[in-house]
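For reference, the chain that follows is the form predicted on its own, supplied as structure tokens.
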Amino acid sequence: MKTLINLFLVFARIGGFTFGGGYAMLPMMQKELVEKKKWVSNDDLLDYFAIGQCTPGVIAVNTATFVGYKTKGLLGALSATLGVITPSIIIIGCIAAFISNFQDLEIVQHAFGGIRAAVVALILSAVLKVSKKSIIDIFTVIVFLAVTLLSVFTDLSPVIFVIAAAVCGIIIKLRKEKTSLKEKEGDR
């Protein structure tokens, strides 16, 4: 029971103190889930983010569900999911009640401009941290560059990029295994 409450509270803190959606949450998730709680490894978190990107729904909610499930099964998934969405429900409810009264104020518009800039910086920070552990050889450099260029210059779905990268990864792995097997046979 203690772990379920802890899952709820950690994800409520993540959901309540990160603005800009799932990608902006990645640095805080890394710190809380990987470094502090050690519920998942950095690789697990990256995998959950990738899967969360391809599955229907909000990436932060999907990731919370995966982490909760890994930690405490179905009840863990429910606890983490409720934790990450509760702050948003409360905040959105309050904003919805008052936004029409304040949205045209210049100070509010400037505040949102500042928040958007900060969110871009947080996303960039997460990308740089993830890239250090994910872009490790020529294959991953090529995948990174291809997906970056295609995502900037086309309107293809991110799901296509993730699936294509997975297929490429499988093909490269199989080719490496085949080459390794031939080298072993040649050594005999």
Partner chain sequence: MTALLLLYGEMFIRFFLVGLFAIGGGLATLPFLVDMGEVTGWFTQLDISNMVAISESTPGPLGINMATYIGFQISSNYGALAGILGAIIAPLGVITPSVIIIIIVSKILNRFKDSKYVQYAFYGLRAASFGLIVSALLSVAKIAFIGTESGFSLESINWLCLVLSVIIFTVTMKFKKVHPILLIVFAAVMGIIFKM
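Positions refer to the first chain, counted from 1. Definition used throughout: the rigid core is the maximal C-alpha set that superposes within 1.5 Å between two forms. None of the values given here were measured: they were computed from a predicted structure.
Another form exists, predicted in complex with the partner chain; not displayed. Remarks below refer to it.
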With the partner left out of view, is residue 154 within 4.5 angstroms of the partner chain in the predicted bound form by any non-hydrogen atom?
-> no
Applying a 4.5 Å heavy atom distance criterion, does residue 9 contact the partner chain in the predicted bound form?
-> no
So in the predicted bound form, does any heavy atom of residue 49 sit within 4.5 Å of the partner chain?
-> yes
Hey, in the predicted bound form, is residue 34 touching the partner chain, heavy atoms inside 4.5 Å?
-> no
Within 124-140, which residues come within 4.5 Å of the partner chain in the predicted bound form, counting heavy atoms only?
-> 124, 125, 127, 128, 130, 131, 134, 135, 136, 137, 139, 140
Superposing on the rigid core, is the CA of residue 159 displaced by 2 Å or more between this form and the one not shown?
-> no
Any CA movement of 2 Å or more for residue 108 between this form and the one not shown, core superposed?
-> yes
After superposition on the rigid core, does the Cα atom of residue 61 shift by at least 2 Å between this form and the one not shown?
-> no
